[in-house]
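In structure tokens, the next block holds one chain alone, the form predicted alone.
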Amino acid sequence: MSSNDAMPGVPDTPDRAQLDAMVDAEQADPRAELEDVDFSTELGVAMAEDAKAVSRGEITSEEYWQRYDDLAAEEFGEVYHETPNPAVDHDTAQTIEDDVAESLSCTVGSMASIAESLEEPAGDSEGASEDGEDDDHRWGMVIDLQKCVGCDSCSVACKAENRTPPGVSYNVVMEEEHGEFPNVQRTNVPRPCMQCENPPCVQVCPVSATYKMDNGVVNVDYDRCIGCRYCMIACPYGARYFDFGENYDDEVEGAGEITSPEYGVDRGEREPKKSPVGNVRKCHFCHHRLNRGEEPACVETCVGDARNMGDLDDPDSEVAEMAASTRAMQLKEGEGTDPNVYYLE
């Protein structure tokens, strides 16, 4: 075998177009995703597509909500009226300008007021707080594709840590094989939530249930979520899941009795019509662990040491240096989402 031949079975480092194609292949059909939802499919598809356009800079958040204000008010009623309109193209308040907001049907306010409503105990780590507003980090993750061996330990650790039900997996490893035996190569691409700086899932949410904190983590307030699933089809990465209320009781006795530690909220035993059943769920960088000064479960258990977690705003941090290297790239960069998850090619 010459030095230019790939070793059989060794993970391959794909080009960026191949990575983006792997993400696209995982996406569900938008209309199929919304077919059994009680809200308008056509409105959801339109709002999701335009939310992506806001992230790409093609329209502004003000234009977005002027376009959808009447339709959203008619479709969602009071739950739409009582929350501010999110704006992912604004750096600070995350809400549209007050002069425009005052002409619309929604409450005038900041997304910080939404975050404050999420009951979460203060963490033990320095700089952590109940709502993340005093957290002086900008959390980011760097995944080295040359080190990922496709063992799925991250997926298993995430499920165990967050006690996610069937059909809900915050961390998946996309896999693709190519070549012919014996010269076969495998591409492994772990895909958590990208924790985007310009998240279309935040833009599209008609009740401000999903929001981005100052520390870069995009969270979901289960008590606000109405299960419309519009955010699911707005996500360019397919990183959101709906909790249909299933559990692993057939496989693990009493599985539904164990409380998920997500967001530090004790919700008790899983029951129908009780959050997070009926809500959209996603990776949150194990925010409850970050508040304790710990790494996310997927990072801690990665056997190939492919995952790295840290503060992207600290230029001296290992993660910031990795993200700034010539090997670093983001998935679907053309979407304008500016993810806080980077990959090393």
Partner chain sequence: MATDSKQFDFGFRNGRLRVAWYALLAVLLLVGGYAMWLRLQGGMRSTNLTSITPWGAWVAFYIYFVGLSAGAFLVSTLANVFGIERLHRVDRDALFAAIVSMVVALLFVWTDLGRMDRMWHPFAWRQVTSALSWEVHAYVAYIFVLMTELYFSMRYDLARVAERGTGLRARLAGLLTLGRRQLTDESREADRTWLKRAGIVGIPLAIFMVHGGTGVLFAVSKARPYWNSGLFPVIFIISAVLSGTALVMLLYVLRTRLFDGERVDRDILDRLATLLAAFVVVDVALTAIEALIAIVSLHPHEVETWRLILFGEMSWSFWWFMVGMGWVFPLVLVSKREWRRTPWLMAVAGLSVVIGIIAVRFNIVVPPQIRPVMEGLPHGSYFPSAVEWATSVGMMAVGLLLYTIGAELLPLTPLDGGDH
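Note that this is a predicted model, so its numbers are computed, not measured. Numbering follows the first chain given and starts at 1.
Another form exists, predicted in complex with the partner chain; not displayed. Remarks below refer to it.
- Scanning Cys193, Val220, Met141, Ala234 against the partner chain in the model of the complex with a 4.5 Å heavy atom cut-off leaves one residue, Ala234.
- Listed residues Arg163, His137, Arg224, Arg186 were compared with the partner chain in the model of the complex; Arg224 is the one with a heavy atom within 4.5 Å.
- Taken together, Gln146, Gly216 and Cys286 are entirely out of contact with the partner chain in the model of the complex: none brings a heavy atom within 4.5 Å.
- Contact with the partner chain in the model of the complex, judged as any non-hydrogen atom within 4.5 angstroms, is confined among 73 to 81, 234 to 242, 150 to 158, 257 to 265 to 234 to 242.
- Interface membership of Asn279, defined by any non-hydrogen atom within 4.5 Å of the partner chain in the model of the complex, is confirmed.
- Put simply, Asp20 is far from the partner chain in the model of the complex: not one heavy atom of it is within 4.5 Å.
- The partner chain in the model of the complex comes within 4.5 Å of no heavy atom belonging to Gly179.
- Residue contact check for Asn198: none of its heavy atoms lie within 4.5 Å of the partner chain in the model of the complex.
- Heavy atoms closer than or equal to 4.5 Å to the partner chain in the model of the complex belong, across 171 to 204, to the residues Val172, Met174, Glu176, Arg191, Val202, Gln203, Val204, ordered by sequence position.
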